[in-house]
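Taking the form predicted alone, here's one chain by itself in structure tokens.
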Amino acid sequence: MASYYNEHTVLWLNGDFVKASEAKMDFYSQSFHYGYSVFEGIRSYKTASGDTKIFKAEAHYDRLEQSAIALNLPYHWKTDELIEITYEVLKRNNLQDAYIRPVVYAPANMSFVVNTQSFLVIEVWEMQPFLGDKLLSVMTSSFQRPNPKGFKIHAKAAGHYVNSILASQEAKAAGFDEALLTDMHGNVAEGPGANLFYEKDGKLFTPATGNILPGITRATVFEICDTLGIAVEEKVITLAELKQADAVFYCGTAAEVIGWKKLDDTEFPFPWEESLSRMIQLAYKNRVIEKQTQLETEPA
């Protein structure tokens, strides 16, 4: 198993910088027993200038607040303060290229009454792209995304990820790299931890909101497409339609932008290196390290 910390690792816990090996939480926490917490996945990068930059820090911490509010978890932190703290956590751990995980969690509470307080921890560690850097073999999962009438789907809640873990483990046990989840109607939704785009005849398509977590990386892909003059459409997507794509990719903070080789038994014939999707992958890599290229700076 991966090692996320050592005796020197420092995290921020409820107002203090403490060693990860000495940090404590209450085992009677409602979060531990019921998965009742919210979190963010954020990345920092060593930029082209050599500085450390947290990518879209404000958007991530704003979403953390929105997730907490959606789940009735008290939230009293300010985004600008948390960003400053996060840079200090990175500095104390001597990290530039890092994965950042803030978690808002609940106190001891075995009942379902509303809490009057919450706690916050910010952890950092080194992590390569979550799904690797090779084209993925993806399996249509037998699991579906949770019914949006049963959960606050737009919230990045820890409990939702039991669904993600089960789907991903099922795919890997069947010899695939990752899973694709459908929505309650059997239409394409998203990956266990990433949004999806497909390319067809020079245009991109992505599932509409409602049954997905609309990711910050997903929003960045829209920005890149606008810069590059690539048309994007949000719509309901069937599995049969997806299998007719020229190219497909997942995107997410942890996964970044990663292409697909095949879905189930269907291989995508269009060469990845010649696709618009590959262009977006490269543009994303340049954007997070603040490397300007002629392609990105020219008007569409």
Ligand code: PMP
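So that there is no doubt, residue numbering starts at 1 and follows the sequence shown. This one's a predicted model, so the numbers in the text were calculated from it and none came from an experiment.
The following text describes the form predicted in complex with the ligand, which does not appear among the structures shown.
**Q** Which one, 249-257, 268-276, 23-31, 227-235, holds residues whose non-hydrogen atoms are within 4.5 Å of the ligand in the predicted complex?
**A** Within 4.5 Å of the partner lies stretch 249-257.
**Q** With the partner left out here, check for me: in the predicted complex, does some heavy atom of Ser168 sit within 4.5 Å of the ligand?
**A** No - in the predicted complex, heavy atoms of Ser168 and the ligand never come within 4.5 Å of each other.
**Q** Wondering, does Tyr161 line up within 4.5 Å of the ligand in the predicted complex on heavy atoms?
**A** Yes.
**Q** Can you tell me if Glu190 lies within 4.5 angstroms of the ligand in the predicted complex, counting non-hydrogen atoms only?
**A** Glu190: yes, in contact with the ligand in the predicted complex.
**Q** Under a 4.5 Å heavy atom criterion, is Ile216 part of the interface with the ligand in the predicted complex?
**A** Judged by the heavy-atom cut-off of 4.5 Å, Ile216 is in contact with the ligand in the predicted complex.
**Q** Just give me the single entry in Ala194, Leu136, Met139, Leu204 that has a non-hydrogen atom within 4.5 angstroms of the ligand in the predicted complex.
**A** The residue in contact is Ala194.
**Q** Though the partner is not shown here, which residues of 63-100 have a heavy atom within 4.5 Å of the ligand in the predicted complex?
**A** Sequence-ordered list has one entry, Arg63.
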